[in-house]
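Below, in structure tokens: the form predicted alone, a single chain.
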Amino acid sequence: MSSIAQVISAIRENPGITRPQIARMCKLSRPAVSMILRLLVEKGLVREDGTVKSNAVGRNPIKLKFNYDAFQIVGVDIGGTNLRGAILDLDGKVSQRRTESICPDDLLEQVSALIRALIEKTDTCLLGIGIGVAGTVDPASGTVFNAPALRKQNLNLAQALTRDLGLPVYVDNDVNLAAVGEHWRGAARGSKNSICISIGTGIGAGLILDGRLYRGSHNLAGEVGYFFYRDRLPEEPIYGFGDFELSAGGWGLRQRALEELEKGETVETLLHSLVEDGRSTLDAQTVVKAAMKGDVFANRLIQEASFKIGITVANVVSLLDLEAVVLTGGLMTSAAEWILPAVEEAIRYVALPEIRDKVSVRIGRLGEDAVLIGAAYQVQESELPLVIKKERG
């Protein structure tokens, strides 16, 4: 972390901190701290906020406070079925938002139009754009390697949108950003090592290890959807959705329900009536709705999915010795009464005995805003030091 980023972090996390305290905390010389603070004050990022009474000779130390309104950030969440966008301040607070159904065939145009609509309604200087995508991503180049639900491969989203909109664009996996958001402002706040597992159309995970987002050697860490639980290998290599998410994710639940319904009326289930307008309307939420009405078939599907989710979480907890597990995503929200007990039971029975009572399982606090808030954090982590460096130059 650069000295500028260190000072910014110290002030953000410690409102009322003084110059001497920053120097000690960041292990920087007082002249270095003074130079950085002068630039931060000039850019409107930091303001003086009174003094601290001191018995020492000389002037009382001045308290410093971060100005969260100095810049705004555009956050975008490109999910499997919905496109969400928002304007956020430097504290992750949303001031405006938009939500649309995804159109994979016109994805670039749709995302660009949504961002323009958001930008038109703000008069505060924009720091940049952060985007979370439901797929594998190279954050260094902003390229989406593979997004099965969006039918996109090798799409350089950052390059295309930077050229179109003229703002810095940062692209990352959506669950990575959800993990960052929950760690910064949500259910994992205060935890040094945690995992955020999103259970929606697909299943993915974001890892926070030693307080930082862990990406892995190829920026692909967290792809738990590819965990494999069958007793033999498939006849062909798996592409697209992984085996675990095909059996326990929203898309997998839908496909399993459809396969059973194709057998005809021999399957006794409420799903026949719930999708009477056509099988194309069947989705995971329909299966959950049927289960809530007491449907035995739908209940069995969700119970089986919940069991696999629980086993997966227990395995990861044992592997990484985590403090917190945060469960998010659309399917998690609607089916929490099945999934949460299954996860807690799996940890209690099969995780490493020494950590069973030390890990906390939590439902995400940020809901649909988790990715947007994580995106806002990542943009400022990268852009704020650059803004100051440009000023120094």
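Each residue number is its position in the shown sequence, starting from 1. These figures come from a predicted structure and were not determined experimentally.
From this point on, the text means the form predicted together with adenosine-5'-diphosphate, which you will not see here.
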Of 256, 152, 185, 84, which one comes within 4.5 Å of adenosine-5'-diphosphate in the predicted bound form, counting heavy atoms only?
84
adenosine-5'-diphosphate in the predicted bound form has a heavy atom of only one listed residue within 4.5 Å, and of 222, 200, 128, 92 that residue is 200
With a 4.5 Å heavy atom cut-off, would you call residue 331 a contact of adenosine-5'-diphosphate in the predicted bound form?
yes
Determine whether any heavy atom of residue 170 comes within 4.5 Å of a heavy atom of adenosine-5'-diphosphate in the predicted bound form, and answer yes or no.
no
With a cut-off of 4.5 Å between heavy atoms, is residue 135 one of the residues that contacts adenosine-5'-diphosphate in the predicted bound form?
no
Residue 250: touches adenosine-5'-diphosphate in the predicted bound form, heavy atom cutoff 4.5 angstroms
yes
Which of 75-83, 119-127, 314-322, 186-194 sits within 4.5 Å of adenosine-5'-diphosphate in the predicted bound form, heavy atom basis
75-83
Sequence order please: the residues of 210-238 with a heavy atom within 4.5 Å of adenosine-5'-diphosphate in the predicted bound form.
none
